[in-house]
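First, one chain by itself in C-alpha cells, the form predicted alone.
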C-alpha cells in the first residue's frame, strides 16, 4: 500500500524530497505559497497546490491529517515553519519532519511536537568537510552529536590483514559492521575475513574514535 506524503515548501530541500518520493512511486502533495514553484512540480507529484500553511482552515481543507507523513521544508521564514508545525500537530498529523535553520529553531520545533528535525545544510557541510580532509573517508552519516557511520576506503596498511589482526574494536572502539567488495556487501563480517584492495569498510562508532582509526590506519594525504 502506497504511503501518502505532503511536502510544504518547494525550495531545494523540499523539491528534492518531492522528486525522490515521486520517483519511488509515492503519493505526494506538494504545497508552497509561491505559484511558480507549485507550477514547476505540478507534473512531477500527484498533486501540487498554492497555499498558506499558517492558515489552519487551509490545511483542514487539504485533508492534511489524512497524510501518513508531512515534511515542513519552509526556507527562511522561521515563524511560518513553527506555526505550520504547531497547526499540523494540533490537527493530529501522524508524523511530522521539519527542516530547522538553527539549534534554537530545532528546540522550539521539538517542544511543539515535531517528530524529527533535520539540518540539511549543516549535515551536508559536515559530510563534505569529512570527505575533503581525508583520502579514505568516502561518505559520512551523523547518528548523533558524537556518533557516526562512515564509509572508509581500506588503506594499504590493511591489505591482507584479517579483522582479528587489525583488532579495530579493541584498539579504536569502533565496529566494522559491513564490507563493500565490488558488487557484494559482507554484513557482519567474520573475524577471519581478510581485507582486500578496493574494499570499503562501513564503520560505526564515536567520532573521536573513528578519527583516531582513520589517522592511524588511513593513507596519508
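Numbering follows the first chain given and starts at 1. Since the model is a prediction, treat every value here as computed from it, not as a measurement.
Beyond the structure shown, there is the form predicted together with ligand ADP, which is absent from this document and is the topic of what follows.
Heavy atoms within 4.5 Å of ligand ADP in the predicted bound form map, among the stretches 5-13, 193-201, 21-29, 207-215, onto 5-13 alone. Taking the partner from elsewhere, every residue among 37, 52 and 73 has a non-hydrogen atom within 4.5 angstroms of ligand ADP in the predicted bound form. Just one of 62, 33, 163, 179 comes within 4.5 Å of ligand ADP in the predicted bound form, counting any heavy atom, and that one is 33. Using a 4.5 angstroms threshold between heavy atoms, residue 80 counts as touching ligand ADP in the predicted bound form.
Heavy atoms closer than or equal to 4.5 Å to ligand ADP in the predicted bound form belong, across 184-206, to no residue whatsoever.
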